[in-house]
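The chain below stands alone and is given in structure tokens; this is the form predicted on its own.
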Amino acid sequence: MSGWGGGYVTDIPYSIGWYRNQSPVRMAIAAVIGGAEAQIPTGDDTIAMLELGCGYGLTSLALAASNPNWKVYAVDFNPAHIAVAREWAAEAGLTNITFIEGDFSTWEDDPAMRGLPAMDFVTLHGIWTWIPPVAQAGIVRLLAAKVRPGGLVHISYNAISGWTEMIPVARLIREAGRRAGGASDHRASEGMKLVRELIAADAHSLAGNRTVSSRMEMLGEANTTYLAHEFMNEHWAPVFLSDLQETLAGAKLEWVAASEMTENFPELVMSEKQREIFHRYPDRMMQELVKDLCTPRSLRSDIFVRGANRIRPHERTQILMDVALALVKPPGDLPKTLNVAAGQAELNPEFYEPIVRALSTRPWRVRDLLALPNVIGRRDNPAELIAILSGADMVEPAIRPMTAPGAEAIRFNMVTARRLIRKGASNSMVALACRPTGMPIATPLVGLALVYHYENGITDVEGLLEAIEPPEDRIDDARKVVIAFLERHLPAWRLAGAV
């Protein structure tokens, strides 16, 4: 591990991926669902957004390509990340994005960071609980200085309630890894081996613990790069939301909503008895603590606002009625149930199926969807409609519905596919830039690779299968993926305006 990292993993690259809750459009909608006034970006808005801890920059690049009228800024302290991100932006011809190599703890000494404009949106994914207190303090000062009044901040972080039983395991992985030597990914793997050995040896705190067993099973499928960045950072420390809120109060930030929209509906994340306790407290921090102890989430993802103005329920309804939605999956993918923290939520087919059928023709505004004559169910709750269809990964908000895909987005997608295909197509989630939605559409890397080859003239099943070069023992599975792309996903992405 490099000495300049200050305890943060720097000797192996960070993984490339897309996390949709970092989208300003989704941030604003989540804030409104949470009952806070927020300006949902429209197609003509010129906004400024900042990503802190951008890694190789895929999130910021895809948002810049989807919104050429936005000004996007992205900061990372690893010069290797910034070098790649700048090359990527230049190759894609993006002129509305600026990458800065900067240190959060000393940002005031950096002319580039001091010169950042006031931001409408700031996002931090997977940063806060992995960095030292001095860097956290620098972020608070930065947010206080650079977030405009009314601006939104998204932060994802490890929640202590979801990590309680795994904290000793994480410490064990890190300590065993430190003694193993070698690169951080090797150290993490050695730490994982020790945990498995102790489970097999019936260690009291590990063996028979369902939480530890399920988490270790999940981690067993993760790549070593993820494990290294998850466990080998020296300052990793999960937090309570209330403690994070107290810290961010130094920047006049107030919590307003969970960025995962379904988590703002108690009936979707808690049982009836749990909700009775939840509603006993008017204090939102106490409510969230109760919710955390009732739901198995280790990663919280929250929206804060600098100066919260609360809106009445009818105002929230009117704002959300004007949101346009675009279908990003085939209508046949609409599930019968939605997996939520409280179990499975059944989707009323008489309500959702007519809505999805309408969306399969073009993007619609929520108020028009709820006015469809064949929709049977509540027509006065746009928040739940948006949250459920979003939670099912069926739709994305569309801020420029029915517009052309956009030259910047198309060029970025082709460049990104070329760059990432060299690393080998896989199931890691990446982003298909999309101007009509104003936010990228999530797809496995193999989906982006298929778009690339299709746009370059390979349009038949066997040709595409040969182009993605699947392993010999996975050809049959890969052929199914190609057929699904041609028959289902490509038409849906065309309809959304991504291709």
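This is a predicted model, so every value here is computed, not measured. Residues carry their position along the shown sequence, with the first being 1.
There is also a form predicted in complex with a small molecule; it is not shown, and the following applies to it.
The chain is drawn here without the small molecule; in the model of the complex, the stretch among 52-60, 36-44, 430-438, 449-457 whose residues come within 4.5 Å of it by any heavy atom is 52-60. Mapping the unseen interface onto this chain, residue 81 counts among the residues with a heavy atom inside 4.5 Å of the small molecule in the model of the complex. For residue 103, a non-hydrogen atom is located within 4.5 Å of the small molecule in the model of the complex, even though that partner is not displayed. Within 4.5 Å of some heavy atom of the small molecule in the model of the complex lies at least one heavy atom of residue 125. In the model of the complex, residue 89 stays away from the small molecule, with no heavy atom inside 4.5 Å. For the candidate set 412, 231, 77, 304, a heavy atom within 4.5 Å of the small molecule in the model of the complex is found for exactly one residue, namely 77.
Among the residues 159, 327, 135, 385, the one placing a heavy atom within 4.5 Å of the small molecule in the model of the complex is 135.
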